[in-house]
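Below you will find one chain, with nothing else, as structure tokens; this is the form predicted on its own, and questions on how it binds or moves follow later.
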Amino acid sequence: MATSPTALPTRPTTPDDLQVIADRIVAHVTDAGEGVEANVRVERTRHGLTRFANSFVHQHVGEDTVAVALTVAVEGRTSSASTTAIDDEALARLVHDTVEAARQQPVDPHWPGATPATPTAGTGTIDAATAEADPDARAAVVRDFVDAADDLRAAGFVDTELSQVAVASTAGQRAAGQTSRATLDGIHQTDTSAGAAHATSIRLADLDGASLGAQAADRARRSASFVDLEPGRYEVVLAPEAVATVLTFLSVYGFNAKAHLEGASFARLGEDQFDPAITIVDDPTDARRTGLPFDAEGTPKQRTVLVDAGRTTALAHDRRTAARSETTSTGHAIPGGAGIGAVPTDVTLQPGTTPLDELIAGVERGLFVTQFHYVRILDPKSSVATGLTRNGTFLVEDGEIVGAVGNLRFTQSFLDALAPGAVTGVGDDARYAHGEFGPGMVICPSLRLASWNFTGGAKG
């Protein structure tokens, strides 16, 4: 007597529920005939967002969604599709339509096959209070941030997120996990300036709204009166947000194995491209991390040392680039990333032992930059980018901050900025910092750098 399939959950609330859906999709693929392969990813996201402006909460938004992503291959011809409909009829239709679309495609020369069965260590890190946080819990953090400076205007957001994912493949891979994340990103404003603060953690309770509000207010007040500075090369101390932007661009455009295979990456494996003070690790095992222990293809993530004491040592691989390079995936596939490549998303710059105040104290004449903004890559091969400073840029003379300067435009090779001999100090203040591509990607400290090329004011 045939065993009836497990009933599909109509409102999935656990990773096990999502695994049932992923397994059902694989079963439909198997029914589609010989020679059909597939990878499936099912994700539930419970996201709550509390926005504030002019020191008042003005919006609470919540969503709880389930999305299915399917990639199939028919004799090496691939197609991908997604849906938010999770009843059995919709899943069967998704498989049928995606298989038929694949049959019409040319052969994909880089299709590596469905993800094989591989054990995954752990299921992610979750804080139940954060996963279930309501608007009142987020508003309490906002209140503390706002109350830190009642004479200024505060704006920003606090959000909380539960991410649950299950993967399955026709080659036998199955994995499920869940994580939580909370972020505060806010500013305090005077009539002429703004100062920012950021924090991300697995736990909402870790976000200290009062401390972050005080930091943002201090930077705003210090920036209320500013002078315009002549363009040129200056020694700089970069706060973690500015450092995170540098690391994000190096990761996406440089440590990406697809970019390397296509000749667009700066990375030269085995060469001392960075200062010996620089060690960059993509580390999903770090207890602070908000990511899952497996990637979008279902491959277990590996701790990967990208730069070891200045030497470029590794690239981030997904299964496509690993097959092309005759190596193994490091577990860095991202959703929808076949055209982008593998991207490190658990990046850590190893901290030093120097407090931020001491980094600044060592500068004879230079700038303290708290944040970059609107950064765009100009030349991936040399990692030259352009962008602006934002929310607090300060002149340093004889080791002391003497005043604020107006926002500046820069054009700078990030690789050159971290080259041998260019890093003169590494801070002890490593934390999650926002590097423009989203929170929860980079943990890094402040850096003192010998030179940064500022090319003009905010208008050019």
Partner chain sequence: MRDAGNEMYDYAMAAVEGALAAGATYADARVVIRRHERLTAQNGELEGVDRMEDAGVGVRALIGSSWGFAATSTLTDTAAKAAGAEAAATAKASALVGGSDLALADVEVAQDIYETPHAEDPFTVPLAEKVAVVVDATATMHGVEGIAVATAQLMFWDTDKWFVSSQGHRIHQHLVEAGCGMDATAVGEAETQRRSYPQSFGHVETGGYEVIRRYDLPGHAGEVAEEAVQLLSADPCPSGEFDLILESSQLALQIHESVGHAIELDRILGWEAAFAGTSFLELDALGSLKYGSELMNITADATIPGALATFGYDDEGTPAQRVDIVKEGTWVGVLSGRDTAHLAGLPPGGMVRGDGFNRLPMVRMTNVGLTPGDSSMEEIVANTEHGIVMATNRSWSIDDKRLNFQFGCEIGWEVKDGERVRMVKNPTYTGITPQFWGSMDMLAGEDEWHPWGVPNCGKGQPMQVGHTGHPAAPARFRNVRIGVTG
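Numbering follows the first chain given and starts at 1. Keep in mind that this is a model prediction, so the values were computed, not measured.
Same protein, other form: the form predicted in complex with the partner chain, not shown, and the subject of what follows.
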Considering only heavy atoms, tell me if Asp151 and the partner chain come within 4.5 Å of each other in the model of the complex.
no
Touches the partner chain in the model of the complex: Val305 (any heavy atom, 4.5 Å):
no
Touches the partner chain in the model of the complex: Gly310 (any heavy atom, 4.5 Å)
no
Can you tell me if Gln189 lies within 4.5 angstroms of the partner chain in the model of the complex, counting non-hydrogen atoms only?
yes
Please pick out the stretch from 263-271, 276-284, 210-218, 297-305 that is in contact with the partner chain in the model of the complex, where contact means heavy atoms within 4.5 Å.
263-271
Sole residue of Ala155, Ile360, Ala323, Ile202 within 4.5 Å of the partner chain in the model of the complex, by heavy atom:
Ala155
Residue within 4.5 Å of the partner chain in the model of the complex by heavy atom, from Ala92, Ala224, Ala129, Leu378, is Leu378
Give, in sequence order, every residue of 296-314 that has a heavy atom within 4.5 Å of the partner chain in the model of the complex, or say none if there are no such residues.
none
